[in-house]
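Single chain ahead, written as structure tokens, the form predicted alone.
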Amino acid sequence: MSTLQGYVDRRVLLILQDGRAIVGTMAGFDQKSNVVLSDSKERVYSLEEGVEEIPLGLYLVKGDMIVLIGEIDEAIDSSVDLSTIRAEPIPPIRY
């Protein structure tokens, strides 16, 4: 749990069990690893078009939906032209 404390007030990428990729600033978390993101956006990947960013604003993600949390290097992220990236969407996890 204390490992999430290092991500507070930092820009992070969350990969969820349903395949969604959410980027935002971690505003907080709780004992169940539920995460609150501010200024968040969902990144939708496609082979035909560039990455689409859908604004979500303040967003709560249940801890049991999170597969991965990683800090984003803001300098590198802002220098990437997402419209030129082509990638398959991440498939959902199947049980």
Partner chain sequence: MLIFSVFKTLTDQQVTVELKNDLSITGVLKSVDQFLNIRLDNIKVSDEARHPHMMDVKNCFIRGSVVRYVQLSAENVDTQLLEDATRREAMNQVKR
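Predicted, not measured: the structure shown is a model, and the values here were computed from it. Residue numbers count along the first chain shown, from 1.
There is another form of this protein, the form predicted in complex with its partner chain, and it is not shown here; the text below is about that form.
Taking the partner from elsewhere, residue 90 is found to have a heavy atom lying within 4.5 Å of its partner chain in the model of the complex.
Remark: residue 50 does not count among the residues lining its partner chain in the model of the complex, judged by a heavy atom distance of 4.5 Å or less. Residue contact check for residue 77: one or more of its heavy atoms lie within 4.5 Å of its partner chain in the model of the complex.
The closest non-hydrogen atom of residue 73 lies within 4.5 Å of its partner chain in the model of the complex.
Looking at 42 to 71, the residues that come within 4.5 Å of its partner chain in the model of the complex, counting any heavy atom, are 43, 45, 63, 64, 66, 67, 68, 69, 70, 71.
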